[in-house]
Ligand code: CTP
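Presented as C-alpha coordinates, the chain that follows is alone, the form predicted on its own.
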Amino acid sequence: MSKIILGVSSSVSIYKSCEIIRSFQEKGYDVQVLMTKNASKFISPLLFKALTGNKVLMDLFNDGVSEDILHVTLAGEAVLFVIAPATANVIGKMASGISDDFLTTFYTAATCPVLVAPAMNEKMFLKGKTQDNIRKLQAAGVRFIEPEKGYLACGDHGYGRLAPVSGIVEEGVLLIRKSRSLKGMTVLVTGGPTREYLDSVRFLTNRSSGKMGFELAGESERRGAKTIFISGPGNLISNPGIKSVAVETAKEMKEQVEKYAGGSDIIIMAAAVCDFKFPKQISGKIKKDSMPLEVKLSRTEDILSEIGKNKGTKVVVGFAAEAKNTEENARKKLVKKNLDIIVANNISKKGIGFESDRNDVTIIHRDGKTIRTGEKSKLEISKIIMDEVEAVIGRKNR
(Lines give C-alpha, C1' and ligand atoms only; values in the text may rest on other atoms or scores of the structure.)
Protein backbone atom coordinates (compact mmCIF):
# COMPACT_ATOMS: atom_id res chain seq x y z
CA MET A 1 0.00 0.00 0.00
CA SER A 2 1.36 3.45 -0.94
CA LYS A 3 2.27 5.62 2.06
CA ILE A 4 1.28 9.26 2.47
CA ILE A 5 2.98 11.28 5.21
CA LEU A 6 0.68 13.84 6.83
CA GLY A 7 2.39 16.63 8.75
CA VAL A 8 0.17 18.33 11.33
CA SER A 9 1.02 21.63 13.03
CA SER A 10 -0.67 23.72 15.72
CA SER A 11 -3.61 25.41 14.02
CA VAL A 12 -7.21 25.42 15.26
CA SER A 13 -8.14 23.71 11.98
CA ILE A 14 -6.22 20.62 13.10
CA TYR A 15 -9.52 18.78 13.57
CA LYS A 16 -9.84 18.67 9.77
CA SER A 17 -6.70 16.53 9.61
CA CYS A 18 -8.85 13.60 10.76
CA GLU A 19 -11.04 14.01 7.69
CA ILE A 20 -7.95 14.29 5.47
CA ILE A 21 -6.72 10.96 6.86
CA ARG A 22 -10.04 9.24 6.18
CA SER A 23 -10.25 10.64 2.65
CA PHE A 24 -6.79 9.37 1.71
CA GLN A 25 -7.55 6.01 3.31
CA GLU A 26 -10.73 5.69 1.24
CA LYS A 27 -8.54 6.07 -1.85
CA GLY A 28 -6.35 3.16 -0.71
CA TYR A 29 -3.43 4.99 0.89
CA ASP A 30 -1.66 4.20 4.17
CA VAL A 31 -1.27 7.41 6.21
CA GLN A 32 1.56 8.15 8.65
CA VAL A 33 1.12 11.23 10.84
CA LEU A 34 3.97 13.51 11.96
CA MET A 35 3.05 16.13 14.58
CA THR A 36 4.71 19.15 16.09
CA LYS A 37 4.76 19.24 19.90
CA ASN A 38 2.43 22.22 19.92
CA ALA A 39 -0.04 20.37 17.69
CA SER A 40 -0.31 17.66 20.36
CA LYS A 41 -1.73 20.30 22.72
CA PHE A 42 -4.76 20.61 20.43
CA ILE A 43 -5.31 16.89 19.70
CA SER A 44 -3.82 13.84 21.37
CA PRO A 45 -1.50 11.75 19.16
CA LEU A 46 -3.58 8.75 20.30
CA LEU A 47 -6.47 9.89 18.11
CA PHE A 48 -4.28 9.91 15.00
CA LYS A 49 -2.78 6.56 15.98
CA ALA A 50 -6.29 5.12 16.33
CA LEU A 51 -7.29 6.48 12.91
CA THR A 52 -4.17 5.38 11.03
CA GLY A 53 -2.96 2.34 12.95
CA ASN A 54 0.51 3.90 12.88
CA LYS A 55 2.51 5.39 15.72
CA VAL A 56 2.53 9.18 15.54
CA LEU A 57 6.05 10.62 15.22
CA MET A 58 7.03 13.90 16.92
CA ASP A 59 10.51 13.70 18.41
CA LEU A 60 13.78 12.76 16.81
CA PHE A 61 14.66 11.09 20.11
CA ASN A 62 12.19 8.87 21.93
CA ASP A 63 12.82 7.21 25.30
CA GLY A 64 16.53 7.74 24.83
CA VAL A 65 16.57 5.80 21.55
CA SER A 66 17.35 7.80 18.39
CA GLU A 67 14.74 7.75 15.66
CA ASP A 68 16.87 10.08 13.56
CA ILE A 69 17.36 7.53 10.79
CA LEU A 70 13.62 6.80 10.57
CA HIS A 71 12.99 10.03 8.66
CA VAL A 72 15.33 8.72 5.94
CA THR A 73 13.56 5.35 5.84
CA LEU A 74 10.15 7.02 5.59
CA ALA A 75 11.42 9.33 2.85
CA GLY A 76 12.12 6.25 0.73
CA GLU A 77 8.59 4.89 1.29
CA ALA A 78 6.51 8.05 0.88
CA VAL A 79 4.66 8.90 -2.34
CA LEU A 80 3.47 12.27 -0.97
CA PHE A 81 4.14 14.59 1.97
CA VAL A 82 1.15 16.75 2.92
CA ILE A 83 1.35 19.39 5.64
CA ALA A 84 -2.19 20.32 6.65
CA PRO A 85 -2.66 22.49 8.54
CA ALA A 86 0.63 24.36 8.09
CA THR A 87 1.33 27.28 10.40
CA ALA A 88 3.48 30.31 9.61
CA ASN A 89 6.08 28.88 12.00
CA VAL A 90 6.40 25.56 10.16
CA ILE A 91 6.47 27.28 6.76
CA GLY A 92 9.20 29.59 8.03
CA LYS A 93 11.28 26.69 9.33
CA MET A 94 10.98 24.81 6.05
CA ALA A 95 12.02 27.88 4.06
CA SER A 96 14.98 28.54 6.36
CA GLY A 97 16.26 24.96 6.43
CA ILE A 98 15.57 24.53 10.15
CA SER A 99 15.11 20.85 11.08
CA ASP A 100 14.47 20.70 14.82
CA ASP A 101 11.64 18.15 15.05
CA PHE A 102 10.47 15.11 13.13
CA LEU A 103 8.20 17.04 10.76
CA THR A 104 10.79 19.57 9.60
CA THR A 105 13.56 16.95 9.51
CA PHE A 106 11.40 14.73 7.33
CA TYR A 107 10.84 17.64 4.93
CA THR A 108 14.61 18.02 4.57
CA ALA A 109 14.93 14.31 3.69
CA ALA A 110 11.79 14.01 1.51
CA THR A 111 12.19 13.27 -2.19
CA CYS A 112 8.47 12.81 -2.91
CA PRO A 113 6.09 15.64 -3.94
CA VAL A 114 5.30 18.07 -1.10
CA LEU A 115 1.91 19.76 -0.68
CA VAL A 116 1.37 22.50 1.91
CA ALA A 117 -2.04 23.79 3.07
CA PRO A 118 -1.57 26.93 5.20
CA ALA A 119 -4.01 27.82 7.97
CA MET A 120 -3.59 30.95 10.10
CA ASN A 121 -4.90 34.43 10.74
CA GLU A 122 -5.12 36.64 7.63
CA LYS A 123 -2.58 39.12 9.00
CA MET A 124 -0.07 36.29 9.49
CA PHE A 125 -0.77 34.78 6.07
CA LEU A 126 -0.42 38.10 4.21
CA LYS A 127 2.65 39.19 6.21
CA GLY A 128 5.52 39.97 3.85
CA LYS A 129 7.87 37.47 5.48
CA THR A 130 5.30 34.65 5.29
CA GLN A 131 4.70 35.37 1.62
CA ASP A 132 8.47 35.49 1.01
CA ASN A 133 8.80 32.07 2.66
CA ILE A 134 5.97 30.66 0.53
CA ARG A 135 7.59 31.97 -2.66
CA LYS A 136 10.94 30.52 -1.62
CA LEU A 137 9.40 27.08 -1.06
CA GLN A 138 7.44 27.28 -4.33
CA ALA A 139 10.70 28.00 -6.13
CA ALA A 140 12.08 24.81 -4.55
CA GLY A 141 9.18 22.77 -5.97
CA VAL A 142 6.77 22.77 -3.02
CA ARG A 143 3.11 22.94 -4.04
CA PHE A 144 0.78 25.21 -2.04
CA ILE A 145 -2.99 25.08 -1.90
CA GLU A 146 -4.35 28.52 -1.01
CA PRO A 147 -6.39 29.01 2.16
CA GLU A 148 -10.00 30.14 1.88
CA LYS A 149 -11.55 33.46 2.87
CA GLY A 150 -14.08 33.23 5.67
CA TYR A 151 -14.70 33.33 9.40
CA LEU A 152 -11.50 32.71 11.35
CA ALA A 153 -11.01 31.25 14.84
CA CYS A 154 -9.86 34.63 16.19
CA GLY A 155 -13.21 36.16 15.20
CA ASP A 156 -11.85 38.01 12.16
CA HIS A 157 -13.15 37.50 8.63
CA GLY A 158 -10.51 37.10 5.93
CA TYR A 159 -8.00 34.76 4.26
CA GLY A 160 -6.49 32.00 6.33
CA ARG A 161 -9.10 29.22 6.63
CA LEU A 162 -7.70 25.83 5.70
CA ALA A 163 -8.58 24.89 2.11
CA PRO A 164 -11.44 22.38 1.73
CA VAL A 165 -10.44 18.83 2.60
CA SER A 166 -11.68 17.59 -0.79
CA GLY A 167 -9.43 20.10 -2.57
CA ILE A 168 -6.37 19.10 -0.51
CA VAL A 169 -6.93 15.40 -1.17
CA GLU A 170 -7.63 15.88 -4.90
CA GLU A 171 -4.48 18.00 -5.31
CA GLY A 172 -2.47 15.39 -3.41
CA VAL A 173 -3.70 12.53 -5.58
CA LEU A 174 -2.94 14.60 -8.70
CA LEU A 175 0.64 15.17 -7.50
CA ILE A 176 1.08 11.44 -6.87
CA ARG A 177 -0.26 10.60 -10.34
CA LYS A 178 2.05 13.15 -11.95
CA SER A 179 5.02 11.79 -10.01
CA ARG A 180 4.50 8.48 -11.83
CA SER A 181 3.55 9.81 -15.26
CA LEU A 182 6.96 9.09 -16.86
CA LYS A 183 7.74 5.91 -14.93
CA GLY A 184 9.50 3.36 -17.14
CA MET A 185 10.81 6.03 -19.51
CA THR A 186 14.32 7.42 -19.92
CA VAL A 187 14.74 11.17 -20.38
CA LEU A 188 17.96 12.76 -21.60
CA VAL A 189 18.36 16.47 -20.82
CA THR A 190 21.23 18.75 -21.79
CA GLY A 191 21.92 22.07 -20.12
CA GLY A 192 24.42 24.83 -19.57
CA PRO A 193 27.06 26.36 -21.85
CA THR A 194 30.01 24.74 -23.57
CA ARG A 195 33.54 26.13 -23.83
CA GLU A 196 35.81 26.19 -26.86
CA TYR A 197 39.43 26.75 -25.87
CA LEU A 198 41.94 28.95 -27.68
CA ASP A 199 44.71 27.93 -25.28
CA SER A 200 44.81 26.44 -21.78
CA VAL A 201 43.51 29.71 -20.28
CA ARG A 202 41.22 31.43 -22.77
CA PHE A 203 37.97 30.11 -24.19
CA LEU A 204 34.86 31.10 -26.13
CA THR A 205 31.51 30.53 -24.36
CA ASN A 206 28.10 32.10 -23.66
CA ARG A 207 25.99 33.36 -20.73
CA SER A 208 23.96 30.21 -20.11
CA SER A 209 23.75 29.26 -16.41
CA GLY A 210 22.26 25.82 -17.04
CA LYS A 211 19.28 26.55 -14.76
CA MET A 212 16.63 25.65 -17.34
CA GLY A 213 18.17 22.28 -18.10
CA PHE A 214 18.67 21.72 -14.36
CA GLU A 215 14.98 22.36 -13.64
CA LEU A 216 13.86 20.15 -16.54
CA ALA A 217 16.02 17.28 -15.32
CA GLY A 218 14.59 17.71 -11.84
CA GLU A 219 11.00 17.74 -13.10
CA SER A 220 11.65 14.66 -15.23
CA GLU A 221 13.01 12.80 -12.20
CA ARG A 222 10.03 13.91 -10.08
CA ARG A 223 7.71 12.35 -12.66
CA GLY A 224 9.37 8.99 -12.25
CA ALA A 225 11.64 8.90 -15.32
CA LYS A 226 15.17 7.58 -15.34
CA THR A 227 16.91 10.88 -15.99
CA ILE A 228 20.30 11.66 -17.49
CA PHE A 229 21.54 15.26 -17.28
CA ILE A 230 24.47 16.18 -19.51
CA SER A 231 25.65 19.64 -18.52
CA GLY A 232 28.35 22.09 -19.41
CA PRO A 233 30.36 24.00 -16.79
CA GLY A 234 28.27 25.34 -13.89
CA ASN A 235 27.69 25.26 -10.15
CA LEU A 236 24.37 23.39 -10.03
CA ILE A 237 24.19 20.14 -8.08
CA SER A 238 21.58 17.68 -9.33
CA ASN A 239 19.38 15.40 -7.24
CA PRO A 240 21.25 12.17 -6.40
CA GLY A 241 18.55 10.27 -8.32
CA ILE A 242 19.67 11.91 -11.57
CA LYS A 243 22.65 10.59 -13.53
CA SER A 244 24.79 13.68 -14.07
CA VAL A 245 27.42 13.83 -16.81
CA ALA A 246 29.77 16.82 -16.88
CA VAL A 247 31.24 18.05 -20.17
CA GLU A 248 33.11 21.15 -21.34
CA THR A 249 33.29 21.35 -25.13
CA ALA A 250 30.68 20.89 -27.84
CA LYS A 251 32.55 17.81 -29.00
CA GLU A 252 32.37 16.27 -25.54
CA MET A 253 28.66 17.05 -25.31
CA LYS A 254 28.06 15.46 -28.71
CA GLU A 255 29.89 12.31 -27.66
CA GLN A 256 27.87 11.98 -24.46
CA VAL A 257 24.54 12.73 -26.17
CA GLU A 258 25.28 10.05 -28.76
CA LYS A 259 26.20 7.64 -25.97
CA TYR A 260 22.85 8.00 -24.19
CA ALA A 261 20.44 9.03 -26.95
CA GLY A 262 19.83 5.50 -28.22
CA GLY A 263 18.35 4.35 -24.92
CA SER A 264 16.27 7.48 -24.33
CA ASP A 265 12.55 7.95 -24.98
CA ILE A 266 12.63 11.72 -24.61
CA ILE A 267 15.51 14.08 -25.47
CA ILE A 268 15.39 17.69 -24.29
CA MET A 269 18.24 19.77 -25.69
CA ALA A 270 18.26 22.81 -23.39
CA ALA A 271 22.04 23.36 -23.54
CA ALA A 272 23.38 26.52 -25.14
CA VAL A 273 26.08 24.81 -27.18
CA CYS A 274 28.74 27.21 -28.44
CA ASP A 275 28.28 27.56 -32.22
CA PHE A 276 31.90 28.40 -32.98
CA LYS A 277 35.31 27.04 -32.07
CA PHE A 278 38.96 27.83 -32.72
CA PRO A 279 40.54 25.72 -35.47
CA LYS A 280 43.32 24.71 -33.11
CA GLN A 281 43.82 24.71 -29.35
CA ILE A 282 47.25 25.77 -28.20
CA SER A 283 48.79 24.00 -25.21
CA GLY A 284 49.84 26.41 -22.49
CA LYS A 285 49.18 30.15 -22.54
CA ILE A 286 49.70 32.30 -25.62
CA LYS A 287 51.78 35.36 -24.70
CA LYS A 288 49.94 38.62 -25.27
CA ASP A 289 52.62 39.98 -27.61
CA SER A 290 52.46 36.92 -29.86
CA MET A 291 48.65 36.76 -29.99
CA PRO A 292 47.27 37.64 -33.45
CA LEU A 293 44.60 40.37 -33.43
CA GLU A 294 42.49 38.35 -35.86
CA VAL A 295 41.50 34.78 -35.00
CA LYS A 296 39.63 32.56 -37.43
CA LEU A 297 36.69 30.53 -36.15
CA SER A 298 35.01 27.41 -37.48
CA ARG A 299 31.56 25.98 -36.70
CA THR A 300 30.95 23.32 -34.09
CA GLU A 301 28.84 20.31 -35.05
CA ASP A 302 25.06 20.71 -34.86
CA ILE A 303 24.08 18.13 -32.22
CA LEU A 304 20.35 18.89 -32.37
CA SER A 305 20.16 18.38 -36.14
CA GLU A 306 21.77 14.95 -35.83
CA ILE A 307 19.32 13.96 -33.10
CA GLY A 308 16.38 15.19 -35.16
CA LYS A 309 17.47 13.24 -38.24
CA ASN A 310 17.65 9.95 -36.35
CA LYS A 311 14.97 10.40 -33.72
CA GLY A 312 12.61 7.61 -34.80
CA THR A 313 9.78 7.43 -32.23
CA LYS A 314 11.58 9.57 -29.65
CA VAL A 315 10.14 12.90 -28.53
CA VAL A 316 12.74 15.61 -29.18
CA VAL A 317 12.57 19.12 -27.72
CA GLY A 318 14.82 21.98 -28.82
CA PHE A 319 15.35 25.54 -27.64
CA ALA A 320 15.69 28.77 -29.60
CA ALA A 321 17.16 31.93 -28.08
CA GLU A 322 16.28 34.80 -30.42
CA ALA A 323 16.79 38.56 -30.36
CA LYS A 324 13.99 39.33 -32.85
CA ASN A 325 11.26 37.55 -34.84
CA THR A 326 11.34 35.01 -32.02
CA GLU A 327 8.39 32.80 -32.95
CA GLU A 328 8.98 32.96 -36.70
CA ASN A 329 12.62 31.90 -36.37
CA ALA A 330 11.74 29.22 -33.82
CA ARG A 331 9.15 27.66 -36.14
CA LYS A 332 11.72 27.48 -38.94
CA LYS A 333 14.19 25.78 -36.60
CA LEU A 334 11.54 23.29 -35.45
CA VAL A 335 10.85 22.17 -39.03
CA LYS A 336 14.48 22.24 -40.17
CA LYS A 337 15.68 20.11 -37.27
CA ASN A 338 12.68 17.76 -37.20
CA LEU A 339 11.62 18.52 -33.63
CA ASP A 340 8.37 17.73 -31.84
CA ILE A 341 8.51 20.87 -29.68
CA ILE A 342 10.63 23.99 -29.64
CA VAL A 343 10.88 26.39 -26.72
CA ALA A 344 11.59 29.96 -27.79
CA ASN A 345 12.62 32.93 -25.72
CA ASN A 346 13.45 36.50 -26.59
CA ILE A 347 16.92 37.23 -25.20
CA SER A 348 16.42 41.00 -25.54
CA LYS A 349 14.14 41.04 -22.49
CA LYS A 350 16.17 42.31 -19.55
CA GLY A 351 16.25 40.61 -16.17
CA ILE A 352 15.05 37.20 -17.37
CA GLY A 353 16.48 34.35 -19.41
CA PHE A 354 20.25 34.02 -19.27
CA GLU A 355 21.69 33.88 -15.72
CA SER A 356 18.22 34.39 -14.18
CA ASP A 357 15.84 32.14 -12.24
CA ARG A 358 12.95 33.44 -14.37
CA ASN A 359 12.01 33.44 -18.03
CA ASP A 360 9.15 34.05 -20.44
CA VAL A 361 8.97 31.46 -23.20
CA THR A 362 6.78 30.33 -26.08
CA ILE A 363 6.30 26.58 -26.51
CA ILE A 364 5.56 25.60 -30.10
CA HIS A 365 4.36 22.16 -31.21
CA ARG A 366 4.92 20.63 -34.61
CA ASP A 367 1.18 20.89 -35.35
CA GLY A 368 1.28 24.64 -34.67
CA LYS A 369 -0.14 24.57 -31.14
CA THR A 370 1.43 27.44 -29.20
CA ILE A 371 1.63 28.12 -25.46
CA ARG A 372 2.94 31.41 -24.12
CA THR A 373 3.93 31.00 -20.48
CA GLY A 374 4.29 34.63 -19.48
CA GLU A 375 7.06 35.45 -17.00
CA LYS A 376 7.48 32.63 -14.51
CA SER A 377 10.21 30.86 -12.57
CA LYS A 378 12.20 28.33 -14.57
CA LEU A 379 10.86 25.70 -12.18
CA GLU A 380 7.27 26.52 -13.18
CA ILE A 381 8.25 26.67 -16.86
CA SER A 382 9.86 23.23 -16.59
CA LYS A 383 6.53 21.83 -15.39
CA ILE A 384 4.68 23.39 -18.32
CA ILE A 385 7.24 22.05 -20.81
CA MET A 386 7.03 18.53 -19.34
CA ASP A 387 3.21 18.68 -19.49
CA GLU A 388 3.49 19.45 -23.21
CA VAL A 389 5.99 16.61 -23.69
CA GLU A 390 3.48 14.26 -22.08
CA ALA A 391 0.78 15.58 -24.43
CA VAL A 392 3.00 14.64 -27.41
CA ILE A 393 3.54 11.16 -25.96
CA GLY A 394 -0.22 10.81 -25.55
CA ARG A 395 -0.83 11.71 -29.20
CA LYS A 396 1.86 9.31 -30.41
CA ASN A 397 0.37 6.45 -28.37
CA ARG A 398 -3.17 6.83 -29.72
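Remember, predicted model here, so these are calculated numbers, not experimental data. In this text, residue numbers run from 1 along the sequence as written.
Heads up, the form predicted in complex with the named molecule isn't pictured, but that's what we're talking about next.
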property: is_contact(residue 275, the named molecule) in the predicted complex, heavy atom dist at most 4.5 Å; result: yes
property: Contact flag, residue 85 vs the named molecule in the predicted complex, heavy atom cut 4.5 Å; result: no
property: 4.5 Å heavy atom contact, residue 232 to the named molecule in the predicted complex; result: no
property: is_contact(residue 300, the named molecule) in the predicted complex, heavy atom dist at most 4.5 Å; result: yes
property: Region of this chain that lies against the named molecule in the predicted complex, out of 316-324, 280-288, 125-133, 178-186 [heavy atom, 4.5 Å]; result: 316-324
property: In the predicted complex, the one of 116, 74, 112, 304 near the named molecule [non-hydrogen atom within 4.5 angstroms]; result: 304
property: Position in contact with the named molecule when the complex is considered in the predicted complex, options 91, 103, 216, 269, heavy atoms within 4.5 Å; result: 269
property: In the predicted complex, residues of 326-353 near the named molecule [heavy atom within 4.5 Å]; result: 333, 337
